[in-house]
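Quick setup: one chain, the form predicted alone, written in structure tokens, and binding and motion questions come after.
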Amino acid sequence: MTAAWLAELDTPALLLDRDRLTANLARMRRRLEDHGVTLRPHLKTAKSPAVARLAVGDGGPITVSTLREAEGFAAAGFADITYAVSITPARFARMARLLASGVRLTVVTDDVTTAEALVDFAARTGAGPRVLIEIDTGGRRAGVTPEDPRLLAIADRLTRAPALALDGVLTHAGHAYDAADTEAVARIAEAERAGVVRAAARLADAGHPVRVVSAGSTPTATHARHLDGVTEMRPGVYMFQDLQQFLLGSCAEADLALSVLATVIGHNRAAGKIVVDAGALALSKDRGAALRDPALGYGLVLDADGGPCPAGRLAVQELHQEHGLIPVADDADFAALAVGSRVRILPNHACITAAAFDHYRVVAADGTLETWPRFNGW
């Protein structure tokens, strides 16, 4: 039976199932403990101190992808933060303020010139973060390859400044999201592990310190057969899961903790479509899951309580800014989803969907409702 508050919420609303969230957190924590690897969860999806505390307790360690996140988590008491996007000189002043506040901040670079600028800044100001060199292990997004001569060139620059601490290497095999199946994810996970460990060995052989060998995404953390040589993993979307992770075999559909509550606002009988008030700005236009299963469209439709949709297995298949369109087969489907009724929509990509909202409506099995704020912006 639908809780009274569920019928009264303004829509679209971002719902977070607390029980599924805590189960997802516990599952990943146990997995990495079994591998003897530190969990440094990536909070770019959650952007929430409340979620971070459930994941790792107070203080960290955590990973972020924006300085806005770093600043927000620092203000909430998290003091061990890796900023896992290439640092640039324009961000050094904000970096220095975080360091001055007592945060143990780690930054990332794959560029010799930036390394030199970091050394110069640290020498002038005394603001010296810990630094990881980013390694490209197949994603072709950022980083130097394990065999690239620039790896040692960057390390040589960074070790010239006493205020800086070269800590090791970091990689992210984001291309695991495009893998054909779980076996392919496992192969990518091994290439990620082997590549970053090889880069760490090259640094160590050259006399550089390597305290951190950091890797990970939700698919590779979930499907890696072993993590020998890796010291920490940085999965993020595992907290919520989404349809993309479901299709990759990283979770069951019942593990998806995030959904968008929407209201049926119209019946376009001539077009055979139900109209809801969750459009592109609420769901995003990410079609990652639909590229594998077109039937999923922009999100799978459930009833208001998160159970099977009364009209059958439906999906949002067309988006406009504030309208989502759900194709239906016949009059019985229109009757099952009357104008004014509520549905939940499971997102293709939790990270992008959540970014449209500034808070979660956190629901629990006992029917309670909480509101947890989240960070947005850069």
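When you see a residue number, it is the position in the sequence shown, counting from 1. Not measured: the values here are computed from a predicted model.
There is another form of the same protein, the form predicted together with another copy of the chain; it is not shown, and what comes next is about it.
S.K.: Quick one: of Arg198, Arg292, Lys273, His208, which gets a non-hydrogen atom within 4.5 angstroms of another copy of the chain in the model of the complex?
M.R.: Here the answer is residue option Lys273.
S.K.: Identify, from the list Ala123, Ala75, Ala280, Ala153, the residue with a heavy atom within 4.5 Å of another copy of the chain in the model of the complex.
M.R.: By the 4.5 Å criterion, the partner-contacting residue is Ala280.
S.K.: Can we say Thr182, Glu370 and Trp372 each have a non-hydrogen atom within 4.5 Å of another copy of the chain in the model of the complex?
M.R.: Result no, not one residue of the spot touches another copy of the chain.
S.K.: In the model of the complex, which of the stretches 33 to 41, 307 to 315, 339 to 347, 48 to 56 has residues with heavy atoms within 4.5 Å of another copy of the chain?
M.R.: Result for this chain: 339 to 347.
S.K.: Classify Ala252 as contacting or not contacting another copy of the chain in the model of the complex by the rule of any non-hydrogen atom within 4.5 angstroms, answering yes or no.
M.R.: Residue-level check for Ala252: no, no contact with another copy of the chain.
S.K.: Considering non-hydrogen atoms and a 4.5 Å limit, does another copy of the chain approach Asp19 in the model of the complex?
M.R.: Answer no; every heavy atom of Asp19 is more than 4.5 Å from another copy of the chain in the model of the complex.
S.K.: If you check in the model of the complex, is Arg91 within 4.5 Å of another copy of the chain, heavy atoms only?
M.R.: Looking in the model of the complex, residue contacts with another copy of the chain include Arg91, since a heavy atom lies within 4.5 Å.
S.K.: Decide whether Ala356 counts as a contact residue for another copy of the chain in the model of the complex under a heavy atom distance cut-off of 4.5 Å.
M.R.: Flag for Ala356 set to yes.
S.K.: Any residue of 363 to 378 with a heavy atom within 4.5 Å of another copy of the chain in the model of the complex counts; write them all down in order.
M.R.: Just Trp378.
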